[in-house]
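Structure 1 and structure 2 below are the same protein chain in two forms, each given by itself as structure tokens.
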Structure 1
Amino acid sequence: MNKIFLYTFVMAAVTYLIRMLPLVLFKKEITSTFVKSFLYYVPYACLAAMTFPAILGSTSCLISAIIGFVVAAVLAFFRRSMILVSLCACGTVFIVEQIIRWIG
């Protein structure tokens, strides 16, 4: 159990340092185009890598996950808000799993 607080401490310390050091130490702007570009692409690469294929295992069966993924991707493409995309994905998974249960 203490190990979990150790994990929490490491997480919190690293996250805070990342946020704090640039604010406190650097007042100058970054000039390297490569570094700026790299930092610009990081959130997209990171969130995409976290989302797929993990999303396929996020529900109790593969079919509901695939349909939920497609619904979320389409709604996101049409610029729906974060909450709406999330809730519709959840709703879709719920409905699909009810149908599967009903059929099977």
Structure 2
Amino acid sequence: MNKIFLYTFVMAAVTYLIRMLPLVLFKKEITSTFVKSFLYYVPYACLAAMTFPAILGSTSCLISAIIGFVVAAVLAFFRRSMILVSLCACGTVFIVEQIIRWIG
């Protein structure tokens, strides 16, 4: 039980430090366009790094995961709504897995 409290404390401390350090270290406005553009893309890169492995491992077959990802990427590229992208990707994965199960 003590490990749970320790882990929770460590996670809270790390989260606090991540949010507090930029406020303490950067007193002036950031004027560098390179740093601004780097900080702009960090959330997208982190989200992609966390999401992509989960996409590939969440189905029973790698092929259905890749096809579902491609469908989602194409729909997102054409700026469709998030609910439509999610439903179409899930539906595609379901149909592809049913076809794979039927074939083999």
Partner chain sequence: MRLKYFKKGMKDGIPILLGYFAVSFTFGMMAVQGGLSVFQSVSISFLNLTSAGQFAGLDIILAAGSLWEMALTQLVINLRYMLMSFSVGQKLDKKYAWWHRFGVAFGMTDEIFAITMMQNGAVPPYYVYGAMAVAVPGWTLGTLAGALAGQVLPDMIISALGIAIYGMFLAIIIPPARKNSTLAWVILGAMALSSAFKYIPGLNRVSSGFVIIIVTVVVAAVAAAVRPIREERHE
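Note that the rigid core is defined as the largest set of C-alphas that superpose within 1.5 Å between two forms. Residue numbering: structure 1 sequence, from 1. Values in this document were obtained by computation on a predicted structure and should not be read as measured data.
Only structure 2 matches the form predicted on its own. Put the two forms on the same core and the Cα of T8 is off by 2 Å or more between the two structures.
Once the cores line up, the CA of Y41 ends up 2 angstroms or more apart between the two structures. After superposition on the rigid core, the Cα atom of I83 is displaced by less than 2 Å between the two structures.
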